[in-house]
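Shown next as structure tokens: one chain only, the form predicted alone.
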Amino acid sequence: MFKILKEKLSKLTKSLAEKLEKPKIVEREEVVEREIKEEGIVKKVAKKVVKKIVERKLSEEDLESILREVEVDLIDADVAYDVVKKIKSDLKASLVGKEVKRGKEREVVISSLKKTLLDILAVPEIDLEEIIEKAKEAKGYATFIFFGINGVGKSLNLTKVGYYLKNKGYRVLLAAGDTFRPCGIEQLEKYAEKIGVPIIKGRRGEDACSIIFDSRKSAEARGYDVILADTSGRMHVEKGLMDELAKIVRVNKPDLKILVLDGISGSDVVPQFEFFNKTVGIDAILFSKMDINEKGGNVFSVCYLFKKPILFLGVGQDYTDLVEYKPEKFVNSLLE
């Protein structure tokens, strides 16, 4: 996972540490006081002298030459240009002119890099259980609707979240709102059976909005705690289909709107988020296929540009292959 981004960050760390390890001889002009005796009187005389001093710190020129190269590396790893600019600016602010003890070069560089990466990944946090409990107090159940383009793994990751919440003790109900894709309903039905939760479904081509509405009535009548509603995958440039999603939200008033983003779709996650957010107002994000995401920079891009909560990282095909988003753990894995 994130092999390419790890390599790029490792290269940056090594270049900066090596620059610090090579001391420079610089000349400094200093004022030195000497005592002289003239006619029996001791006088203090100040004199400017030039001393050669060994420096172990980076100049802005030193850093700029390294960062010019790493800029291309990070963009190649799907890091958005605005994020690259922040990394460069933060490293300059923390490293230029900083005196470093011998043997501590790599430690200082990693500390500075970790700080800026954590700052980029810092997004608001939300508590799924708290949202469910508040919704239950207000109306008896919570509704989470999942969105995303074709092929992102929306149905599978919705099921993973269902399994996660079931293990937390909640009564989960799935709603098969993907009525457009061939076998979409059947796929979610099989997933529901495997994790042992019920499902509300209709026929292919049926109005998804009404199916999700029916699931809400069922949850109210049967005492379910949370509905996880699937929707048809659609390209973010298909206006008519996107308008259907807006209707689903308008009618069903979900407590949480979750966008599933494909980790291996590179920088395209940025326009995907922009279109879905404009249409339905995204509350939180789930990244799928992170176990095969070799680059990883798009996570930084989405966090920095949109500041939306990241709920989970999907890391495989099993129902347990879901990792809670923890920025520090994420950064540590990149810099280890």
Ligand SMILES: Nc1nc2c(ncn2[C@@H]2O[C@H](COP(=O)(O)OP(=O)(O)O)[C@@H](O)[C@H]2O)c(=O)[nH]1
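Just so you know, these numbers come straight off a predicted model, no measurement behind them. We number the residues from 1 along the sequence you see.
The next section is about a form of this same protein that is not shown, the form predicted together with the named molecule.
Proximity to the named molecule in the predicted complex, defined as a heavy atom within 4.5 Å, holds among 152, 211, 128, 87 only for 152. Checking 216, 160, 257, 201 for any heavy atom within 4.5 Å of the named molecule in the predicted complex turns up a single hit: 160.
Although the partner is absent from this view, residue 288 contacts the named molecule in the predicted complex, with a non-hydrogen atom inside 4.5 angstroms. When contacts are judged by a 4.5 Å heavy atom cut-off, residue 112 does not count as touching the named molecule in the predicted complex. Contact annotation for residue 315: at least one heavy atom lies within 4.5 Å of the named molecule in the predicted complex.
For residue 174, no non-hydrogen atom is located within 4.5 Å of the named molecule in the predicted complex, even though that partner is not displayed. Residues of just one listed stretch (142-150, 202-210, 104-112, 117-125) have heavy atoms within 4.5 Å of the named molecule in the predicted complex: 142-150.
Within 4.5 Å of the named molecule in the predicted complex, a heavy atom is found for all three of 156, 187 and 292.
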